Ligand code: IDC
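Read the single chain below, which is given as structure tokens and is the form predicted alone.
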Amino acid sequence: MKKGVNYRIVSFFLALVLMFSGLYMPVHAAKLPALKVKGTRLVNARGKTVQLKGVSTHGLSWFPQYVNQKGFAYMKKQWGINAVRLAMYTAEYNGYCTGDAKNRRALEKTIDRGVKYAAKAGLYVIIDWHILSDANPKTYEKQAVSFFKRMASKYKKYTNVIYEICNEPNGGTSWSDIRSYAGNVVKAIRSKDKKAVILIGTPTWSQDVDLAAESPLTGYKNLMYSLHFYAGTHGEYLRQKAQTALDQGLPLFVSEFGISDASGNGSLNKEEGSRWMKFLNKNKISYMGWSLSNKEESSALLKSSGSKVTGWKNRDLTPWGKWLVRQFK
């Protein structure tokens, strides 16, 4: 056997060097085509409309077990989803901005696993800055800018990543405040990632999309605006607001919804839910159902008595979970 260069070893070490320099990524991370916004819709590189359909986790600090490879792959194959949302609370117990440094590191590790599990499973993934009790996104704007700049630098080569920069502004927060915040966070993301799709929350728990349509953020491409609804509370009046926004050319993305009441609990309104699905499908609006958890509430997809983190059968799902999975088929 002739002595010479072992090209397999050389290739291996070259891959390591590139990986640590940020110029290499595993093959599975580039499976999905990058998406962009055209008009009011998401499209692929060929300009074909793409409608994302998936589920949102509950808070990553409280239900991290559902971020796992087998679970993501199962939902892709058996339920037919093509996206998952990673909900990282900012202000609640062990929120990113209220917990300690150890907790922040744990949340970022969970996000990292989620992004890679999603890429391997062939799913798009939303990194969600889940403001709620902090109400106004400007409360933790400095932290958000730092967080998203770091995420965009880390995942700029992952074509499956979408950034959601403020879940549900509320408490009377104005569109002016949200727009100001969004301008700074989008700028931070674009300094590292020029093309990724970014979702911007809207006033009143991401319902007042008509206000955003009057004065959307300018100077950037691939921006969409969040519309949230719970069919037990929100009906035709909110669809009318959504239609007004669409008519003005505002791209909408339903990054969270359910068919319970707005608290996430109460009875299910399947009839109103069906009206919403007809509206979303007609307009090719992407949607993410809340939530992949076994929390004891109407809006959890999994029964509170269960502990399975993958391989769920029909008997493991709540009435809402069964209803949602049927929508994906």
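Fair warning: this is a prediction, and the values are worked out from it, not measured in the lab. One rule holds for the numbers: they count along the sequence shown, beginning at 1.
Not on display, but discussed next: the form predicted together with this ligand.
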Interface residue in the model of the complex among S304, S263, S267, N281, criterion: non-hydrogen atom within 4.5 angstroms of this ligand: S263
Contact label in the model of the complex: W290 to this ligand, heavy atom within 4.5 Å: yes
Partner contact for K38 in the model of the complex: this ligand, 4.5 angstroms, heavy atom: no
4.5 angstroms heavy atom contact with this ligand in the model of the complex for N167: yes
4.5 Å heavy atom contact, Y89 to this ligand in the model of the complex: yes
Segment that reaches this ligand in the model of the complex - one of 167-175, 191-199, 151-159, 105-113, heavy atoms within 4.5 Å: 167-175
Sequence-ordered list of residues in 274-303 near this ligand in the model of the complex, where near means a heavy atom within 4.5 Å: W290, K295, E297, S299
